[in-house]
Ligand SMILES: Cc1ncc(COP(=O)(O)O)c(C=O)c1O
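One chain follows as structure tokens, the form predicted on its own.
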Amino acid sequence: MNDARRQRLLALADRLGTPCFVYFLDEVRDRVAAVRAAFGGALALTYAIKANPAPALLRSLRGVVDGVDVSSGGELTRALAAGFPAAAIHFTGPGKREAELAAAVTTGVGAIVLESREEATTCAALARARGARQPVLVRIAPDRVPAGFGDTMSGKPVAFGVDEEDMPAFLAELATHRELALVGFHAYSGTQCLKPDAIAENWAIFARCFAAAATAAATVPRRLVLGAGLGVAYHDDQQPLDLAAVAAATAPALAELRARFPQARLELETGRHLVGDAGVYLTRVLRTKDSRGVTIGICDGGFHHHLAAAGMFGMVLKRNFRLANVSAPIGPAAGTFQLSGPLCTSLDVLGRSVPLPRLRRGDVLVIEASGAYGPTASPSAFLSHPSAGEWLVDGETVVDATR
């Protein structure tokens, strides 16, 4: 981190107060542009709201991305409030409640992503009651996921989607629901991947599944959604994902899909990759103490705000996020430190054996790669501590991201 960025983050911490999340809109726009450029603009880009549903951010993404993926009635409400047209929204998730499905049908979302037989039956009944014909996508759960993904949602018993091997029977039953219009297929098997070859292999599996499903349904799909799985380099020993390498590796699978389904819109669904690196978490050291040979910085922020940084959001082995002390001059590490939060539990540790040039009361610490799965993926009500602020920075303008 260069000195100019350190000084800017320190000034924001002083201005906004800590603990807080800061999201840099120019960095989100740059990442969107980079993804589009890597694939030559050939893929529509759908933002998965679950990664960061901050209202100000969503409004800023209108017109920047081509659509949004929502996974709850609450996210649907946020997407509509942000100005996204209903036709640009698709609704995923294995546990959609009947009221949420009813809202989606009434709103006229671009597609409801079906993930089970019972969901299809419920959706058809709701559409029939409203005299509507609801466009749907069918989510396919392939029989395997390549190695290299941080979390997998296929290749094993899963709540997500329809198992690949059950697809012919599912599609035959779906055809009896005249109130549902099958417009295409969706697949999202794994997340947080930094290996271009693994992503390419996964998309080749998707292409195979899409072709088999289209044949079984005797349909020509208009939409094919590829769950990206594009990762973020959270830790010091990781290299950022090479988008050019991903585009080159996935070119054969995409070419196969375009040749077989020239009329279909190919959509890339991603959330973390667009916003993860564009956000930081700022927390201030309340006090320090020595305990059995370890110097501990006790901070005003903790896992109640940032569960992922504490290693409890899909991480098998707890590893530190990229951390820095922006109050200290740039220089070599003076030692390693433990960074703990204010909560009354030993789980509240944001960093272990963190090399820093110093650690003093009042120092501001920054946790990088905090733009995705921050406040909304954390137990913010635990011990009734205040919520962390969320701020959206657009050039010199800073606004409350939660409004």
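Fair warning: this is a prediction, and the values are worked out from it, not measured in the lab. Start at 1 with the first residue shown and count on from there.
What follows is about the form predicted together with this ligand, which we do not show.
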- Please run the contact check for residue 369 against this ligand in the predicted complex: heavy atoms, 4.5 angstroms, yes or no? no
- Query: At the 4.5 Å heavy atom threshold, is residue 188 in contact with this ligand in the predicted complex?
  - Reply: yes
- Message: Residue-level contact is defined here as any heavy atom of the residue lying within 4.5 Å of this ligand in the predicted complex; does residue 250 satisfy this criterion?
- Response: no
- Query: Is residue 192 one of the residues lying within 4.5 Å of this ligand in the predicted complex, judged by heavy atom distances?
  - Reply: yes
- Message: Each of 96, 119 and 177 within 4.5 Å of this ligand in the predicted complex, by any heavy atom, yes or no?
- Response: no
- Within 4.5 Å of this ligand in the predicted complex, heavy atoms considered, which of 36, 59, 50, 29? 50
- Message: To verify the annotation, which of these, 153, 112, 246, 278, has a non-hydrogen atom within 4.5 Å of this ligand in the predicted complex?
- Response: 153
- Task: Counting only non-hydrogen atoms, choose the one of 345-353, 360-368, 50-58, 331-339 that falls within 4.5 Å of this ligand in the predicted complex.
- Result: 50-58
- Item | in the predicted complex: members of 271-300 within 4.5 Å of this ligand, any heavy atom | 271, 272
